[in-house]
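What follows is one chain in structure tokens, specifically the form predicted on its own.
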Amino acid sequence: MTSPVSHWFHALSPDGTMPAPRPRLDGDRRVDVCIVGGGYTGLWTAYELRRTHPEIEVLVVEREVCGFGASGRNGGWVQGALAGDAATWVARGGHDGARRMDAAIRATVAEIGRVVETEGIDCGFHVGGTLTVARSGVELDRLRAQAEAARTAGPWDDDRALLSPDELAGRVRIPGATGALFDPDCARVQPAALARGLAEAVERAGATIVEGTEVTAIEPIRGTVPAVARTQHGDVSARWVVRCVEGYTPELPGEARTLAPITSSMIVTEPLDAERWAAIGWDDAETILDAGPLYHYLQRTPDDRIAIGGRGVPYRFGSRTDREGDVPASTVATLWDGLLRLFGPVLDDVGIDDAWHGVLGVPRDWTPFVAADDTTGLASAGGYVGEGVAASNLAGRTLRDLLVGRHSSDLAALPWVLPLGGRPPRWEPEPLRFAGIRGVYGLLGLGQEIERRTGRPSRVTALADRIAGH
């Protein structure tokens, strides 16, 4: 059942195999922009640079195949939201900056839909919105508090609404649900199909992609010597080297504490029959998040399955990125239990067709960033905390403006752009990092059990959030 990659990739070919890699780098190269990483961030950056500035020579260097990492393993949410609550963004950019940040990420959902249509990318893109579902009074109170905090601290669109149990049932029937928060700015997508289609669009735009080529080091401009990405197959010199490797960032020299690679795991059911779908509803393919401290995220897939994801073994010592080993049986069981808690007996006798996992990048302040430094020739973006399908497009367009010198553009002025020479706060060294991350997830799990048992908010959950710094 366990896959070394994901169901999303297996669904792209009749025999379920991975695509053959493009040719690898063959000797030294000199280009204008070298992008390290062929996931969403790197591909969107390449696409936008070539689309708007076709004179710029762009090379994308990917260790495996495009989309192999988080871009081909995620839950398929094109979500008009960023990690970090409204108060965090107000602290970074003031109320005006928070409003502009919110408006920009929400508009990104439609922007991705436009590119998908223009480029003919067959990826099951469908805008149905997202539902955060409460199944207890505690969880419903938490949703109300989140809504009120957003109204007070930052932008809050009238289209976002708290739904009663009956209103929720009109969209999807979840036994025992006490309500939900609905946000219209989210689309469902087949993530690997988006990544692969985007890579083809990047090539049509005139950029070059090499695969099977691991970048072992990134070095800044030194005097008259340009920035460089070093590989075993040759070095790439460039005016700009852009790091877009998200959860794999710690594997590069000097970046061990920049982002923590947090593991997320997924399972997918076999296709459900029409009778089961009639019982569940879910006709508009909204994405679904349960409101517990250790949440699960779901989508109704384009081929009528249910995919559900959540945390398994959240972090490995030394920021190791185990992405191809077996998903632990306990993790599969936990995800299946989460699915049954939501939908109950209607899923009796439904089989699990696949299970996989991968890593996402988490900054110490749990807030994504974009950075570009003219003096070093180095740029980067990431730290999406699992909400990067839409954010990567916005990051790619923001990087485009920064790399071509449009520092006064609306995108370059967004509060997630770090000041010149800035970088996200660094994680603690080991073993503190391991103990802290594992401890926080342990506390969240304990808090969730206490809330389910007592029906009251748990101080343990609040403690976990304070320790985590979000």
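Values in this document were obtained by computation on a predicted structure and should not be read as measured data. A residue's number is simply how far along the shown sequence it sits, counting from 1.
Keep in mind that the form predicted in complex with a small molecule is not shown, yet the notes after this line are about it.
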Handout entry: Distance check, R63 to the small molecule in the predicted complex, heavy atom within 4.5 Å
Key = yes
- request: Answer yes if any heavy atom of G358 is within 4.5 Å of a heavy atom of the small molecule in the predicted complex; otherwise answer no.
  value: yes
| Even though the small molecule is not shown here, does G75 get within 4.5 Å of it in the predicted complex, heavy atoms only? | yes
Considering non-hydrogen atoms and a 4.5 Å limit, does the small molecule approach T213 in the predicted complex? yes
Within 4.5 Å of the small molecule in the predicted complex, do A307, W336 and V362 each have at least one heavy atom? no
Given 118 to 126, 273 to 281, 164 to 172, 388 to 396, the stretch touching the small molecule in the predicted complex at heavy atoms within 4.5 Å is 388 to 396
Answer key, the small molecule contact in the predicted complex at 4.5 Å (heavy atoms) among V202, V245, A134, A98: the residue is V245
Among T130, S71, T108, T367, just one has a heavy atom within 4.5 Å of the small molecule in the predicted complex, namely S71
